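What follows is a single chain, given as structure tokens, in the form predicted alone.
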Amino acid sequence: MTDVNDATPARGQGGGGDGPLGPVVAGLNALGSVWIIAIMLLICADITMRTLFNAPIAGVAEMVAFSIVGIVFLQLAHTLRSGALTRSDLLLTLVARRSERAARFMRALFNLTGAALLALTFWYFVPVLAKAWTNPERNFMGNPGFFVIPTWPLYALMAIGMAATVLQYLASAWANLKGRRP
């Protein structure tokens, strides 16, 4: 496996350069990071309320479960862009020793395959999002009468994260084909 520091792109050599996708990916990552802090504060508040006043905050478990999925999808494109997405690259390393051009082609193929698979997932996920949007009363998390949260906001975040990651895969493939290593 490649060390994360070896796979991290230098400024201007990332998967797609510093074009318009870079700030979007960074913004989604920052939003996910802020959301992590908010969830930590919510959990601490719930523990405090439960311990001191025997009055837990309703729906914390549902909000945390909701948040984990949302955060993963918000930060997925940045994980790919920064070279921190887990992969086994033993074959890629062996090929790169003989031919950097072949290795760049393999990286581009990897990124195009990732883009195609995630785009297919996105294509089949959009109807689920549309159903949750049009029927929020039938698509929720939680216990009715106690705490419920509609699923469409989570599904929308997942769709945004998938779309950004597909674009990042394509930008990385383009960078590989142009001779830059994302």
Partner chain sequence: QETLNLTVATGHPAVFLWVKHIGETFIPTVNAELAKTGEVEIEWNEAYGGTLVKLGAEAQSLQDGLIDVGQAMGVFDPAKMGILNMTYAMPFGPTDAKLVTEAAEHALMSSEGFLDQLADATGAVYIGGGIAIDGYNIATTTPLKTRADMAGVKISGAGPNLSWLDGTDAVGVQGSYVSFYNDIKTGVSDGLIGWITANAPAKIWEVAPYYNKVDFGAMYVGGLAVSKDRWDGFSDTTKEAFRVAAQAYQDAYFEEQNARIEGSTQAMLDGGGEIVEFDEAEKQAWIENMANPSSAWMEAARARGEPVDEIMAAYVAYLSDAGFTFTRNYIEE
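Numbering follows the first chain given and starts at 1. These figures come from a predicted structure and were not determined experimentally.
FYI, the form predicted together with its partner chain isn't displayed, but the following is about it.
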property: Its partner chain contact at Trp152 in the predicted complex, heavy atom, 4.5 Å; result: no
property: Interface membership of Thr134, its partner chain in the predicted complex, 4.5 Å heavy atom rule; result: no
property: Residue contact check: Ala61 to its partner chain in the predicted complex, 4.5 Å heavy atom; result: yes
property: Residues of stretch 129-165 in contact with its partner chain in the predicted complex (4.5 Å, non-hydrogen atom); result: Lys131, Glu137, Arg138, Asn139, Phe140, Gly142, Asn143, Pro144, Gly145, Phe146
